[in-house]
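Just the one chain here, laid out as structure tokens, in the form predicted on its own.
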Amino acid sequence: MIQTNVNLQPHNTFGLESIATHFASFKTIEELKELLIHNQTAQQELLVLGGGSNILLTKNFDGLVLKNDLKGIATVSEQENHCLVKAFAGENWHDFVLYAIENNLGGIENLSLIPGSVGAAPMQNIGAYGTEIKDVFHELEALNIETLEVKKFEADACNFGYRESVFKRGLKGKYIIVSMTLRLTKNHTLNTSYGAIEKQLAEMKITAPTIKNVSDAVIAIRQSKLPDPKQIGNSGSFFKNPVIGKEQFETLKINFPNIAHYPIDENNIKLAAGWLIDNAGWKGKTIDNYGVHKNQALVLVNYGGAQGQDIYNLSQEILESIKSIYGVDLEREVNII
């Protein structure tokens, strides 16, 4: 059923008010097709929402918002060392991680507590603590909005990059992801060297960690640094970590010897956007009822009643500040509506 004039505040983790002219949810692919057929006649602008954790609503939406409520998790096939596990796009991402851990399936434990839905995971190529979706990705299914046909995409067709995929670029607005299948391990190789995982495990007095231990460590780290969207409106990391050439990095290092960085290859260096923003004096800055979180400079927050345009303007000030101080272009990770 299509509703009219629906407030999207409950459907975005920033907790921002935005009125959608029309709104409907779908629990099956057939329901989705029926809604799209209706919209082919109505010719309204279309917005598909999952967990609403990677959008910034800056205005009312004059069109049709579709809430993806496709649910289900199942093992597709099982081999000696791995399983192919399929999850539908409306599943909560962290719930899926917990499902994998409960079934002793590894590969996504480092991605614990990332907000959002399964469908958003490949679109963003979500990543944390040295792991990205592309590392365990097998395939996804997506519905063509025009032809209403379901097409399978393997990894090469997804063009995964840093917080990127073909669904954010060349195929943006042309497909709706309906499911994703991951290749999860039964004999695990743990990735604990990135960030503070090893330190957290030591504090937990864990010497022979399991995938659940790694997940618990990641959860503890994220909870100590990142605000809970249920308490303070936010979308997690608002900015991407910029990648610059080695020559530019060496010049930067002269003026900023402590600059946080991670070598990618012989020619490119990834900078920590959080360090850049913090060092520029933005961390903890509050303007009226919104600002930059006190514990993590990558996170912009709505303390209650803020407007999306205000948060967007703040992000623009930060972009200009970072460019002025370091000569580095930051890019927003969230989708601006």
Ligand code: EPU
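Quick caveat: nothing in here was measured; it's all calculated off a predicted structure. Residue numbers run from 1 along the displayed sequence.
Beyond what is shown, the protein has a form predicted in complex with the ligand; the following relates to that form.
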With the partner left out here, check for me: in the predicted bound form, does some heavy atom of Gly106 sit within 4.5 Å of the ligand? no
Report yes if any heavy atom of Lys151 sits within 4.5 Å of a heavy atom of the ligand in the predicted bound form; otherwise report no. no
Using a 4.5 Å heavy atom cut-off, state whether Lys199 contacts the ligand in the predicted bound form. no
Please check if Tyr262 has a heavy atom lying within 4.5 Å of any heavy atom of the ligand in the predicted bound form. yes
Tell me which stretch of 183-191, 80-88, 67-75, 159-167 has a heavy atom within 4.5 angstroms of the ligand in the predicted bound form. 159-167
Identify whether the ligand in the predicted bound form is within 4.5 Å of every residue in the set Tyr129, Leu226 and Trp275, based on non-hydrogen atoms. yes
Heavy atom within 4.5 Å of the ligand in the predicted bound form: which of Leu49, Leu298, Leu57, Ile311 fits that? Just give me the one. Leu298
Which residues in 29-51 have a heavy atom within 4.5 Å of the ligand in the predicted bound form? none
